[in-house]
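One chain comes next, on its own, written out as C-alpha cells in the form predicted alone.
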C-alpha cells in the first residue's frame, strides 16, 4: 500500500511541479535556475537541482521555454535565463484550465 501511495504522490507532484514552474516563469517573465529553486522553496515546493535542470532542458527542447545565457550585467558567473515561448504561454493556459477542471471535479465529489 505504501508503494502505491508513494508512486501516486510522485505522479501528481511531477505534473503539479511543471505547472508551478511555468507559472513562476510567467510571473517573473524571465528567471534563472537557481532563483527558480529559491522561489519554489519559498512556497514549500522544494526540489533538487538534479530534478529542476533536466526538466528545464526538456521544456526548452520541447520549445515550451526559451533559454538565453546572460553574461553582461550579472554578478559572478553567467546565468541562463528562462522565459515562456508563445507555445509555452498557450500550454500554460491549457494546463491551468485542466487543473481547474480537475479541482472542480474533486470538489464536487468531496461534497
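Positions refer to the first chain, counted from 1. Heads up, when I say rigid core I mean the largest set of C-alphas that superpose within 1.5 Å between the two forms. The structure displayed is predicted, hence computed values, not measured ones.
This next part talks about the form predicted together with the DNA, which is not shown.
Scan 30, 80, 39, 66 and let me know which has any heavy atom within 4.5 Å of the DNA in the predicted complex.
So the residue touching the DNA in the predicted complex, by this definition, is 80.
Residue 103 near the DNA in the predicted complex, any heavy atom under 4.5 Å?
No.
Taking heavy atoms only, is residue 61 within 4.5 angstroms of the DNA in the predicted complex?
No, residue 61 stays farther than 4.5 Å from the DNA in the predicted complex.
State yes or no: in the predicted complex, is some non-hydrogen atom of residue 89 no more than 4.5 angstroms from a non-hydrogen atom of the DNA?
No, residue 89 stays farther than 4.5 Å from the DNA in the predicted complex.
Are any of the heavy atoms in residue 24 no more than 4.5 Å from a heavy atom of the DNA in the predicted complex?
Residue 24: no contact with the DNA in the predicted complex.
Could you tell me whether the Cα atom of residue 96 shifts by at least 2 Å between this form and the one not shown after core superposition?
Where the cores coincide, residue 96 shows only a C-alpha shift between this form and the one not shown that is less than 2 Å.
Look at residue 13 and decide if its Cα position differs by 2 Å or more between this form and the one not shown after superposing on the rigid core.
No, because once the rigid core is superposed, the C-alpha of residue 13 moves less than 2 Å between this form and the one not shown.
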